[in-house]
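Here's a solo chain for you in structure tokens, the form predicted on its own.
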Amino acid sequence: MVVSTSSTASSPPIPKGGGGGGRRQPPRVLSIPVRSSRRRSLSASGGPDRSGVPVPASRDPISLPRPLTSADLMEPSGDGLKVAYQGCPGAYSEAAAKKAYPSCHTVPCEYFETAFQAVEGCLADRAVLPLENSLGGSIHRNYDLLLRHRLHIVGEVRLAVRHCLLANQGVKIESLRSAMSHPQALAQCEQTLTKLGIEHREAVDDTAGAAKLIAEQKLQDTAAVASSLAAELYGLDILAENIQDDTDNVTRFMMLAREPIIPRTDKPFKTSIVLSLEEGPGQLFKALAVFALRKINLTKMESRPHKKRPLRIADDNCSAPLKHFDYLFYVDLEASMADPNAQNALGNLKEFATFLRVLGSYPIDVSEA
């Protein structure tokens, strides 16, 4: 069990809000509304029968729509799907969205919360957002947003991150004084950047946004840490490839939808839950025991302060009451909610947990990152 502490044409972007900025402010995604296409009418009249009476086309079995199957709900092809991600075109999140739904139309969003809102407001069908990185750890903001919004995790996708050092044409590494990128990308390349003599760091909202800003402002002393696709999109030179400090740099993304999928037992599944417990000795042990006794493996556990109840006052026979942080626990189980064993475990957990919510039950990504 791991315990953590811590392109095809894209659709128009979805902004959360406006905001100005100076020369080195993070780039903002433009505000262009996304229009939903109207449903086509399924009714049509056929030709006349022998008596001359028109026969509705629905009597013809060939024209009837095929009923959806559980396979359709499990593995959508992505044709026509609008998938939201955080960042500018060329971001790693866009590559993850394309891996999850190869034929989708990607929708760039300025913030993580904007992507959640885009799906909730039917401006996008899915969202693909990072949850954890093998080097940088968990993306806590998205854990908090999972609880704030009523979306469901319907899948996961792992993406190998290969950072490149990008600069305007003609710029040499020796003339660089600063590197610009997302804070996690900068942290993942810290040692390499230092060896290259680049000491100063500038954090922005996303990796592709850094590449875009450097290209637009024609900076000569600053490089971006971003993908090779970002270099292609924004006309930058690749000065160095694979500059991450660890070659095993993988980000796990979650796929979000308005409705959950139908869980199955014919393939490896994972179930994500969030819970809170009463204060007291052995409470967490009891929670873990409901899974251990049923031989259900836990692949991740993440604790986050309970924002609605940040402090809990307890009288421990001291002169003054003590204040303790109240926590939520995010847990990933190697089990499907279609498995009676998992259902019994959660039923047992509900007997003493003060809060319990299933965030999603979805297939495990077994493909290569």
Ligand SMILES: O=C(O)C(=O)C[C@]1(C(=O)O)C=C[C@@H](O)C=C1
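Here the structure is a predicted model, which means the values were calculated and not measured. All residue numbers refer to positions in the sequence shown, first residue = 1.
Not on display, but discussed next: the form predicted in complex with the ligand.
Choose one stretch from 113 to 121, 263 to 271, 91 to 99, 276 to 284: the one whose residues place a heavy atom within 4.5 angstroms of the ligand in the model of the complex. Partner-contacting stretch among the options: 91 to 99.
Under a 4.5 angstroms heavy atom criterion, identify the one residue in V154, A215, I139, I243 near the ligand in the model of the complex. Flagged contact: I139.
Please run the contact check for T106 against the ligand in the model of the complex: heavy atoms, 4.5 angstroms, yes or no? Answer no; every heavy atom of T106 is more than 4.5 Å from the ligand in the model of the complex.
Tell me, yes or no, whether T192 is in contact with the ligand in the model of the complex, where a contact means a heavy atom of each within 4.5 Å. Contact check for T192: no, nothing within 4.5 Å of the ligand in the model of the complex.
Contact flag, N133 vs the ligand in the model of the complex, heavy atom cut 4.5 Å: N133: yes, in contact with the ligand in the model of the complex.
Taking the shortest heavy atom distance, is H182 within 4.5 Å of the ligand in the model of the complex? Although the ligand is absent here, H182 would touch it in the model of the complex, with heavy atoms inside 4.5 Å.
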